[in-house]
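Before any questions on binding or motion, here is one chain by itself as structure tokens, the form predicted alone.
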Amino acid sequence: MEDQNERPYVEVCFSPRQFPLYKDPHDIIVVIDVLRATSAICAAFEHGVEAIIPVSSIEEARDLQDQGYLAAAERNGEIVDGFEFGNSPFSYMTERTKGKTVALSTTNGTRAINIAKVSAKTVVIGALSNLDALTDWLIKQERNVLCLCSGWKDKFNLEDTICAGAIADALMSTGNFQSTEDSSIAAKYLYQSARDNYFGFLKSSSHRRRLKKLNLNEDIKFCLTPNQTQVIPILKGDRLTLLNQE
């Protein structure tokens, strides 16, 4: 029997605020912001975006916009004044963004990406929309994995935790990964409770209600529909690109 201590770990961190407690010894960090940043990022690459520069502040996005980049910014679910689009997946399904590099700043997701990159060898983007492709790739890496949920303003949220739980469940089900944190076990069980009906399970979640008030029901439906793409965005330097472009 394989020595349990030699198996890689998969763990779940519920929010960026807790990240310092979890950051070691993980080799790969999967950043998750289902509603909507990482779903939009996956959609962007599926529809031909060349690269995305994730920035934490609106000021950074404006600076890159002034340099001639396409720039997008979202705060509290809404497009920031002065930007033509935010983090709706549908914003990236046009010819305008195809082949372009886009600077992106969001309330939670891009901040989590920039937190993760400080200490991780590899940072990749996870969402329900690329779930199977991502988990298949992670299984093959046989390295320690941390699923970092972007949450909502440093607080726990359901949709990111369920997605992280799906990843943890897939990896642990192989028998080749282990987990020691209660957060990972809790995320796995939340996923198992939700997987047959994401829409129903998340009907009362705080961010789904927040987006519904903004008439973003189509965004919600898109983001909660799994396995729409095979793309895996990966961070290279200051920008995200496609994993198969390495």
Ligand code: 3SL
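Remember, it's a predicted structure, so these values are computed and weren't measured experimentally. So that there is no doubt, residue numbering starts at 1 and follows the sequence shown.
Heads up, the form predicted together with the named molecule isn't pictured, but that's what we're talking about next.
Q: Just one of 119-127, 168-176, 101-109, 136-144 has residues with a heavy atom within 4.5 Å of the named molecule in the model of the complex, so point it out.
A: Contact criterion met by 101-109 only.
Q: Can any non-hydrogen atom of residue 31 be found within 4.5 angstroms of the named molecule in the model of the complex?
A: Residue 31 lies outside the contact set for the named molecule.
Q: So, residue 211 and the named molecule: in the model of the complex, are they within 4.5 Å at any heavy atom pair?
A: Judged by the heavy-atom cut-off of 4.5 Å, residue 211 is in contact with the named molecule in the model of the complex.
Q: Does any heavy atom of residue 85 come within 4.5 Å of a heavy atom of the named molecule in the model of the complex?
A: Taking the distances in the model of the complex, the answer for residue 85 is no, it never comes within 4.5 Å of the named molecule.
Q: Mind listing which residues of 22-54 have a heavy atom within 4.5 Å of the named molecule in the model of the complex?
A: 33, 35, 36, 37, in sequence order.
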